[in-house]
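We begin with a single chain expressed as structure tokens, specifically the form predicted alone.
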């Protein structure tokens, strides 16, 4: 799946509107009495095109947001839509630079009292990472919903259009306000902190493991049953204003005979490390000896999908437990923490609070 849109397309803020509803840019779609939802498009499989009928071998980030929206006229029943093409790429090419653009755009547009919520279309490979970063950094209680698809638009039974429609319904819902950043996928609503991708092909690829979904969408109706307990959005201490980049954090995956020299190599090129340990965050004696000598922050997570890492599990006194955050989300929290002056004690507190 080769990238067909360059990163240079990012940050080209162009407005698109559903052609059937608005012939020219400069207006909004949908009846005036409907809530206004801003759709921020970043590409991914939902905008992918390939051989007709097939689910693999496609090119992600092909369709524009205007082309996507034109295929879902039912959106007009849910909201007035304003659409912005932030970029159009495979989510494996997602960067902190794009994250900053999303946060700044949302924070700015959220000040408009006419805006009810936001939907971000995104590739599924790194959707959970973008969602968690936004969950820690945006400063609004208005609904922010990510969605995408597992099948390109040209496949049989493409799932993107339904996911997009349901995401807009959630973003327009009063009940979704104050819940932090959400992911809507295959009729289910997930909290950004707990959601993860669990399949390489299934249309139900998004899951939240033992935490579970916090709601469902049925025929456009939104049913929310749980409220995320961890700090998010307006409650967090993270503010990216003034930042142009994030510190570098590397993730190292432990396995049998994993080369301990990789630790030294990564430590020399990183501001912090996350270890995807075996079981409850464990690794070999060779790894223990090297980690004990590192002076940069080291956070211990697990390669296991479910469970929690607690302080008592730690094999090295100079490391920090990731709680139940996956390695990729533990790395995001560490990058934000390292962007400021921080002690080991404060870092331990962050992994309990977020």
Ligand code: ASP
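None of the values given here were measured: they were computed from a predicted structure. Numbering follows the first chain given and starts at 1.
In what follows, reference is made to the form predicted in complex with ligand ASP, a form of this protein that is not presented.
- When ligand ASP is considered in the predicted bound form, residue 82 lies well away from it, no heavy atom lying within 4.5 Å.
- Taking non-hydrogen atoms only, residue 123 approaches ligand ASP to within 4.5 angstroms in the predicted bound form.
- Shown alone here, residue 273 lies farther than 4.5 Å from ligand ASP in the predicted bound form, counting heavy atoms only.
- Put simply, residue 266 is far from ligand ASP in the predicted bound form: not one heavy atom of it is within 4.5 Å.
- Look at 143 to 151, 233 to 241, 211 to 219, 168 to 176: in the predicted bound form, residues with non-hydrogen atoms within 4.5 angstroms of ligand ASP sit in 143 to 151.
- Of the residues given (186, 207, 90, 130), 90 alone sits with a heavy atom within 4.5 Å of ligand ASP in the predicted bound form.
- Residues are counted as partner-facing when one of their heavy atoms sits within 4.5 Å of ligand ASP in the predicted bound form; in 42 to 57 these are 44, 45, in sequence order.
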